[in-house]
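Given next, in structure tokens, is a single chain: the form predicted on its own.
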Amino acid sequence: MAQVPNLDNAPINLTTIRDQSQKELITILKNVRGKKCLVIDPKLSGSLSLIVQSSQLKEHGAELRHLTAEPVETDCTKMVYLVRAQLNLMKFICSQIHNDTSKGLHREYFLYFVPRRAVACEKILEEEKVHELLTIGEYPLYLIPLDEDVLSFELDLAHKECMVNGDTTSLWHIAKAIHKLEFSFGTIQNVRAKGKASTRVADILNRMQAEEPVNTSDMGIPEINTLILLDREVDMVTPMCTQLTYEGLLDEFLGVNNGAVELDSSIMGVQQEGKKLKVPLNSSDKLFKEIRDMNFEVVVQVLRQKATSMKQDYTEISTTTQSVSELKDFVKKLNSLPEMTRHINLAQHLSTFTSKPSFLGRLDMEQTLVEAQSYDICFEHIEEMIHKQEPLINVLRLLVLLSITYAGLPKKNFDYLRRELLHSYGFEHIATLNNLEKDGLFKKQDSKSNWLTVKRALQLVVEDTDTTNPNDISYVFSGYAPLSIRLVQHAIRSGWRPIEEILKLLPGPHSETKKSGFASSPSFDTLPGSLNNSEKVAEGRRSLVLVVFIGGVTFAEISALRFLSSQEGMAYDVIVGTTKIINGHTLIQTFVE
């Protein structure tokens, strides 16, 4: 199965976005005539695999290499570097050029920054006296379709850069990516933002729209009706909880990268000693599309039912005489056998983790933390984890949950846990704890917590959640409704005005802007759940909401949004934009130094 996802069923034409990026990359290669060595920043190669297949790059005379500190071994005389604007990568390039010069090799060098050049990087090239040897350009890759309803800006460190380092470059990138979408799909009329970074992005976008207006005259009604921008900071509880959807658990335990998981071939029933297999996970796989958003408990039942029904069909075929059309139906079912086998193997592997008492104990503790009514039990549990030297990231996830839900720890507890962490895991982690403190994720209590008020007002804890036939988004965490998605739910159903007081209790300002000009767009105050027919965008399509998460989104939250969009009386399709797909582990990892 191809790694490049199939975008035919996307609610807007994402294929044109991908084709444009593909064309721009091919043009870069065509402009460097003849044989060349394309040296790619390793962090970019996964993103590029979702846009273009390596065979297409090779067709245009490119030999592919990863950029590392080591010199590139190649007999090409033309070197094309494709990199993000990172200072350490500039040093690699400089040392490679110096290495070539010392060996008397004469080569042409081309450097393309993704998505745009940076002054600090060029300064290094000048200091190292290689700037004049390079032809420098840009490859404006601002967003990548990960699937038919998910776009990524591929900004791994956006949250930490903004919150800890005070570097807001990524916010300009996000606004630029959204503005690029507007050139394809029309100016977005309604913008809601919550959080410091989100309101900044809304302002930058506004400025870009004024400086570089989209020509609306030949576009008709804009395809994206509403943009909702949310800071990750507004809801740090959700990513710290363990996701319980199929795709979410795959990410928690196996790590989904660029729409695929990599695992030992033996898990997938292929006997090749020590070989790793890449398993693509996107909606091109029909079975995955059907089960990805389900609670994992239900996925196991669904796979069992499908396997049983296939077995019955097989028994019938082998014991009775069937008509040709019945045989044809059976063969059709057999075509889905590879998908069935793939997901039975994956589900079986996940079960080895989810059946452990330690996993179930962890879920109980998360539930207790979210309910925020047993501080001592939670504190002692975390203390015990530290003394047992459980993996640091697991400890920090629960510690962050404790700190958020109780608005920090009393000074005595805070100092004690800080000391214990450094004793247990090493004093080198002082920088990690400082980063978490700067972001307000681990702090001393300085005010009363408002988590209980928010939790009650937005009904974040739902008793007796039915995971098999869910009627609420709380099924994705078996009883906890993600705060972020509750905010989106309110924004779409009745606007944010009715929950204004609750919004004020959450971090950062909020803003709402409406552009005039399209009477047929739904009223912004309400964005009602069911629009009258004249308001359903031309050609019978549903109105579209783009929900952008600045600082990352989890698969469980995406599943909750898909669930909302599929509800009866919901007149909107939802597309998700994010700086990166994250889980609690990968998010905490960005703070670790």
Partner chain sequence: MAGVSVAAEWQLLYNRYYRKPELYQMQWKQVDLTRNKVACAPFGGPIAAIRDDAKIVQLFAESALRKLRIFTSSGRLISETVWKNPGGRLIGMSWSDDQILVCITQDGTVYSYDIHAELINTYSLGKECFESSVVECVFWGNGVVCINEAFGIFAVPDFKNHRAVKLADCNLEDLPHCIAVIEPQYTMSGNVEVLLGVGDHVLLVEEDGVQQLGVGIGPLQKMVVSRTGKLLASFTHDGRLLVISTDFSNIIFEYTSLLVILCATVYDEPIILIPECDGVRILSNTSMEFLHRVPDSTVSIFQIGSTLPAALLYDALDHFDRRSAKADENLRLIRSSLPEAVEACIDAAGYEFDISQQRTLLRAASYGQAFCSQFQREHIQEMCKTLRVLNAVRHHEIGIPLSIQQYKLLTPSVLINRLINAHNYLLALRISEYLGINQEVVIMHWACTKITESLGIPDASLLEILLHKLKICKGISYAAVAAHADKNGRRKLAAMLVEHEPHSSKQIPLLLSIGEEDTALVKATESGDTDLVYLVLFHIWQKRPSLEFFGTIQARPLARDLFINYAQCYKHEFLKDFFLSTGQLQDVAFLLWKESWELAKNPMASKGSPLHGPRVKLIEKAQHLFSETKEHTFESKAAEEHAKLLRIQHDLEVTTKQAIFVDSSISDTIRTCIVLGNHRAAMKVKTEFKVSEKRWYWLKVFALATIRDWDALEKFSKEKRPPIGYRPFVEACVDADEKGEALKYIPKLADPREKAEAYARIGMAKEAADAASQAKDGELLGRLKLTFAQNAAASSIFDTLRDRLSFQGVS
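These numbers come from a predicted model, not from an experiment. Positions refer to the first chain, counted from 1.
What comes next is about the form predicted together with the partner chain, which is not displayed.
Only one of 369-377, 417-425, 74-82, 147-155 lies within 4.5 Å of the partner chain in the predicted complex by heavy atoms, and it is 417-425. Listed residues Leu133, Leu105, Ala120, Met219 were compared with the partner chain in the predicted complex; Ala120 is the one with a heavy atom within 4.5 Å.
This chain lacks the partner; the member of Leu505, Val270, Ile430, Ala457 within 4.5 angstroms of the partner chain in the predicted complex by a non-hydrogen atom is Ile430. Residue contact check for His159: none of its heavy atoms lie within 4.5 Å of the partner chain in the predicted complex.
Taking non-hydrogen atoms only, Asn345 approaches the partner chain to within 4.5 angstroms in the predicted complex.
Interface membership of Ile124, defined by any non-hydrogen atom within 4.5 Å of the partner chain in the predicted complex, is confirmed. In the predicted complex, no heavy atom of Phe183 sits within 4.5 Å of the partner chain. Counting a residue when any of its non-hydrogen atoms is within 4.5 Å of the partner chain in the predicted complex, the hits in 382-410 run Glu383, Glu384, His387, Lys388, Gln389.
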